[in-house]
Structures are given as C-alpha cells and as structure tokens.
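Just one chain follows, in the form predicted on its own, and it is written as structure tokens.
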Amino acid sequence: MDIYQLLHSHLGNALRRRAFKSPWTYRILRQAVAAQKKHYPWQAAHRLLLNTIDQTAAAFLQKGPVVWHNVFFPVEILYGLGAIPFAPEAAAVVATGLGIGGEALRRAESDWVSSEACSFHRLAHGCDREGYFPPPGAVVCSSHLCDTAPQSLATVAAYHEVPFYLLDVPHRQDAAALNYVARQLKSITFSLVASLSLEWEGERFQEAIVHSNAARERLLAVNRLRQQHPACIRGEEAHSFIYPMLAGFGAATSVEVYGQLAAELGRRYREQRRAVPEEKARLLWLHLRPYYPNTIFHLLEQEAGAVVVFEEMSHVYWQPLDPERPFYSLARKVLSHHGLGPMSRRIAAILSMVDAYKAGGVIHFAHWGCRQSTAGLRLLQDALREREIPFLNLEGDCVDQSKYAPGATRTRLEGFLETLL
C-alpha cells in the first residue's frame, strides 16, 4: 500500500488544521502505525513512515528551528546544523494523499497565483496560507532545475517575515562554478547559524556528511539489486522510497531505511519472489508520478505485466562527499545533477539507466508546469528512437487530480503497451 494512502487512512476524514499542531495526533498516529508493522509488505516502508511521522511532528510542534527548502537544495547542511528540514514540494504530495489538495489549490487560485505555475508550488502556497504547514524560521532554495521554486519560496519567506537564502547555481560545471557554489553554501550555512541563533558544531556537521555517504552506498546497493531480472519490487512500491532522495540525505534515518530496503530486496531475490507473476516487459519511469488515486501503475504492472523497474528520481548522480571539504563536495554534488546544463547530459544519464536496468520502454510523466523536465523531450525521443526503444510522453499533473482523465490515460497506456508486448 502507498505510504500516503496509509497516512490518510490513519488520520481519516476528521483531519483538521489544529490536529497538525497537537502532540496527541502524532502519538496516536505513531502507535497505530507501529502496531501494524507485520501488515506492511515492505518493512523499510514501515520504517520510512515512522521516520516521516517523527520528522513531521518535530516540524509542527516546533521542536527546533524549521527551515523550508526546495528539493534540490543540499539538505545535508540543515541536518548538520541541527535544524528541521521541511520541503513544501514533498509536503504537497502528502497533502494530496490526505485529500486536502483541492482546497489548497482553490486557495492559491483565490490569491491570484498563476495557474501556469507548477501545481506543487501552487498547492504548497494554499496549504501554507490555510495553516496546514508549519511556519518557517528561515527559507533556503537553489536556483537549478526548477524555475518556480525561487520565486515561490521567496514569497513564503516574505509572507512569514523570515530570512531567505538563494543558492545561485550556474549551468557550467568548471572550477570557477565549483568555487562559486561552494562559497555560497558556506555563506548560507553560517548565515543560518546567525539568523537562527544556532550553535556551530563541526562534529555534527561532519556526521551529516558521513550519513549522506552511507545512505548513498545503501541506495546504490538497492539500485544494483533492482537491475536483476525478473524484478522483485513493483515500480509503484519503489516510488514510495523517493522521499529520502528529496529531503533525507544527511539524516541517520535515511541510512536505516535504504539499508533495510536493500536487505529485504536481497532476501526476496534469493527466495525468487517476483514483483508480478509474469514479467512481460521492463519500463523506465521518468520524472515523478501522480500521487492521487489512479490506475496507471495497476494497469501497467498488475494487468499487463509491464514492471517499472526503475525511476529517474532514484538515480545516484553524484560522487561520495568529502567530510574534510564539505562545502566543495556538496557544491560538486549540486553541479553533478544530470538535469543541469545541456539536454545531452540528461539524455546520456537516461540511456545509461535504460542499459543498466534492461528497460524495453520509457515513460515520461509530463507534469503540468514543470519546464525543466518537459523541455527537450523531442531530443530525448529522438535519442531513444535511434536505439529503437518505445517512448511515451504521458501528460498529466502529479498533485492536481482535476487534470487526470482516466479513460484517455488508459487509452494512451494501452496503445503504448501494444508496441511492447
């Protein structure tokens, strides 16, 4: 079962804004989830859900300084400072799962937030203004990949009257760019220390870097296991583990989750437990998936036997960090993203994923308003066509259910599957 569906099932329809600010909500929710451990098909998912509840409780109960960040900012810095990271894009996914997405989008529309903007940020705006999100003590954001995030998060900081720090990331990846990004990361780090009245602890900061490297190693182990044939985890299940990639690197809990997932995958492969009874095709999924109830993965995997064996968001694109040079190695991580710079970098990364996971087809979910993922798709389509790899650009929206057309989506997926099976 999807993690967000599980959250919704525990909170139920009685969800209210004030419930987020009550310690009883998290105490009851945690006890309910913990008691159902044996019912979770993946214990790593159970562990991840408990960690998410704890981190959410810490943010809403203001157990420390809450720092909002976009999902491309290196959060190792926030964990290293002892702050509580809060990613509004990721929280928008949770809000969708909890069934409050429609209300939040309507609030954003009433505030004249452009419908041309990414719905993740429109939904986050609505949740913030309606009091569903914890107030920030500071806001940090990187400029790369997402055009909307800097404007959206700057507005959040102004609304709450808290400091805003923008990491300006150039498109080139040379030594000058590395120095430029590293200097900014160091400046932002010590600006947060000053503005949030934090105590700088070098040992804690290095520990976050070590945790990041450990999580990276375990995620690589997970990814190597997913390259095997046949798959033993469905793509719908694997998508539940994207959250640590977006907001968890630097935390010890992410090391634990990926380590447990690797152990469970290894055990299932040894026991020859398959993701689906008969694997008829292997697919690579690009960008994110829709987080409201839909039948896309059920049609692909359980009806057609076309397993999504890997998703782009789980791709490890950076080298290990150097604890002795944290800002330089974090700058190198930022600049290493395959979506940064010319489209040829993303195409090369996707083709390497196709080869590594032996994918026979590629589906790109074209999220409304996401220019970084949809621009250049023609070049990607041409590159895949040269390799005779079927490609489907599936247009939709990850969090706005009103954009989902079940019949048309099924027709497009069935047409695509005919080219594969």
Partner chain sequence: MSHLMGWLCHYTPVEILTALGYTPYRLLGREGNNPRATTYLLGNLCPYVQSCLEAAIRQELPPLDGVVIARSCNAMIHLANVWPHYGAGGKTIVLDVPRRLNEDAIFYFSQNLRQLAVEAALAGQQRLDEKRLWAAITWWEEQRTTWRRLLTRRAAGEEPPAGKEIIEGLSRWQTSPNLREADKLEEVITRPAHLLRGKAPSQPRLLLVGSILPWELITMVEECGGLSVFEDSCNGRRLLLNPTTTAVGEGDPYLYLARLYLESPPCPRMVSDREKRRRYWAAIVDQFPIQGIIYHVMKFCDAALYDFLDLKVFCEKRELPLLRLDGDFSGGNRGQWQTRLEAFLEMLEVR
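Residue numbers count along the first chain shown, from 1. Bear in mind the structure is a predicted one, so any value in this text is a computation, not a measurement.
Omitted here: the form predicted together with its partner chain. The next part is about that form.
J.: Tell me which of 254-262, 116-124, 213-221, 292-300 has residues with heavy atoms within 4.5 angstroms of its partner chain in the predicted complex?
T.: Contact-bearing stretch, as computed: 116-124.
J.: So its partner chain isn't shown here. In the predicted complex, which residue out of V71, A177, A281, A349 has a non-hydrogen atom within 4.5 Å of it?
T.: Among V71, A177, A281, A349, a heavy atom within 4.5 Å of its partner chain in the predicted complex occurs only for A177.
J.: Heavy atom within 4.5 Å of its partner chain in the predicted complex: which of P230, G102, G266, P170 fits that? Just give me the one.
T.: If I apply the 4.5 Å criterion carefully, the residue I get is P170.
J.: Is every one of I53, K63 and S240 in contact with its partner chain in the predicted complex, taking contact as a heavy atom within 4.5 Å?
T.: Checked in the predicted complex: no contact with its partner chain for any of the three.
J.: So in the predicted complex, does any heavy atom of I28 sit within 4.5 Å of its partner chain?
T.: The answer is no: I28 has no heavy atom within 4.5 Å of its partner chain.
J.: I'd like to know if L81 sits close to its partner chain in the predicted complex, meaning any non-hydrogen atom pair within 4.5 angstroms.
T.: Result no; L81 lies far from its partner chain in the predicted complex.
J.: Does the 4.5 Å heavy atom contact test between D322 and its partner chain in the predicted complex come out positive?
T.: Contact check for D322: no, nothing within 4.5 Å of its partner chain in the predicted complex.
J.: Any of the heavy atoms of T155 lying within 4.5 Å of its partner chain in the predicted complex?
T.: T155: contacts its partner chain in the predicted complex.
J.: Does any residue in 369-387 get within 4.5 Å of its partner chain in the predicted complex, counting heavy atoms only, and if so which ones?
T.: If the 4.5 Å heavy-atom criterion is applied to its partner chain in the predicted complex, 369-387 yields G369, R371, Q372, T374, A375, G376, L377, R378, L379, Q381, D382.
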